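A single chain comes next, written as structure tokens; it is the form predicted alone.
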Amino acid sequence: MLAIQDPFGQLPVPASTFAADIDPLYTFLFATSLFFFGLILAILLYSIVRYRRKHADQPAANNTTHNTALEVVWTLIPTVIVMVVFAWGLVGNMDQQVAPKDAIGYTVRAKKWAWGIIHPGDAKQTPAEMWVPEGKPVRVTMTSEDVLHSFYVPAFRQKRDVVPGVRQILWFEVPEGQGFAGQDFHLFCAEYCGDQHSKMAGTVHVVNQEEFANEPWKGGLPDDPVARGEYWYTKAGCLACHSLDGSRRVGPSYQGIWGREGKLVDGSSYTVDAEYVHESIRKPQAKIVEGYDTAVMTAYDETALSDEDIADIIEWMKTLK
């Protein structure tokens, strides 16, 4: 990753064009806060030392109850600062509300606890990974399949809540020619969405326009079906609910899962075979294991996991001991 570049060493690299508006405003707010903190603290310390009471019979140094001029000054100065911040922030915020007409369109589907990214011209979700070109505006249309999430890429200075039943849109552009091609940036969920919230993370890959034209999100899958199954377990967010060591999470552990027999909440029995796994992924509430009746899992449709992907997961499950 590139080095931190803001004057106070607090912000990540400015990897979008919005940084030119947001970073100076942040610096102004932080510097102003430091200045007034230091000024008020200095006046307070001076007053404590200069006007401290030295003995019990010492009369008050001053009986003044208020000073109109001083009160006007300390009201007007913050008011002016707040208005400057409001106007500065409004201009930057308005620029972020409407994406350019030539923006490249992405769809993001959020659910506990995974991001599903649909790239331009594609129909299948790429779990937790997003490829964007430098020098081109990117429009992201987001929906949530369950609870409130928040799409947050700190380096792009963009964060937007993803609300169930509401389509949210944000956009950004990675500047061209500044060394960001080939860099990876963190994608977070910035809104607490359940006990596995911290695992709802992803990666945004910035590539040059030539590489983007080759649709890099379609490559990179392992050749071995077992390895692909493990890949989907990680990338599709299965690990948030199902452990591999026998420990209890939202759903049953995958340790030794293949061929496992047990009871369902309706009293019937089940055996983990190909049909059961397929149904549990497509219709997870159809058969609920005893003891997990309060667990709610989101269904994975064809855009999230194809039948071939599920077949890979099954091959991988067969190897778990």
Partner chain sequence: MTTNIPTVDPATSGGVELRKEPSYLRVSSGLWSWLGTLDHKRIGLMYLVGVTAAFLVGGALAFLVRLHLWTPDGALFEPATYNQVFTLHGVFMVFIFIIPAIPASLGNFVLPLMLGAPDVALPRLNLASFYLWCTGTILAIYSIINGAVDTGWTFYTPYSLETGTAVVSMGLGVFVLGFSSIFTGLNFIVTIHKMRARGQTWFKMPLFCWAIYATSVLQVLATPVLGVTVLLLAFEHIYNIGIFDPQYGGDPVLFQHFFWFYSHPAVYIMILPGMGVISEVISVHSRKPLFGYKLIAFSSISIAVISFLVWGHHMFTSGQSEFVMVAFSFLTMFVAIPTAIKVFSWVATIWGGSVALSAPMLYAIAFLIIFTIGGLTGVFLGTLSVDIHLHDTYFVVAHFHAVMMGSTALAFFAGVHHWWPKMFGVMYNETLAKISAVLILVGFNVTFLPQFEMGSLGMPRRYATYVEEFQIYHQISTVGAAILGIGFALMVGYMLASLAGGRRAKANEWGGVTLDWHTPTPPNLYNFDEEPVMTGDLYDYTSGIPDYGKDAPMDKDELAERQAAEGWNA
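Not measured: the values here are computed from a predicted model. Positions refer to the first chain, counted from 1.
In what follows, reference is made to the form predicted in complex with its partner chain, a form of this protein that is not presented.
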{"item": "Non-hydrogen atom within 4.5 Å of its partner chain in the model of the complex for each of A123, G259 and L320", "value": "no"}
{"item": "One stretch from 204-212, 218-226, 231-239, 164-172 that, in the model of the complex, holds residues within 4.5 Å of its partner chain by heavy atom", "value": "164-172"}
{"item": "Any non-hydrogen atom of D146 within 4.5 angstroms of its partner chain in the model of the complex", "value": "yes"}
{"item": "Proximity of N93 to its partner chain in the model of the complex, heavy atoms at 4.5 Å", "value": "yes"}
{"item": "Partner contact for P137 in the model of the complex: its partner chain, 4.5 angstroms, heavy atom", "value": "no"}
{"item": "Close approach of E191 to its partner chain in the model of the complex, 4.5 Å, heavy atom", "value": "yes"}
{"item": "Selected contact from Y106, F180, W131, Y152, since only one has a non-hydrogen atom within 4.5 angstroms of its partner chain in the model of the complex", "value": "Y152"}
{"item": "Residues within stretch 43-65 having a non-hydrogen atom within 4.5 Å of its partner chain in the model of the complex", "value": "I43, L44, Y46, S47, I48, Y51, R52, R53, A56, D57, Q58, P59, A60, A61, N62, N63, T64, T65"}
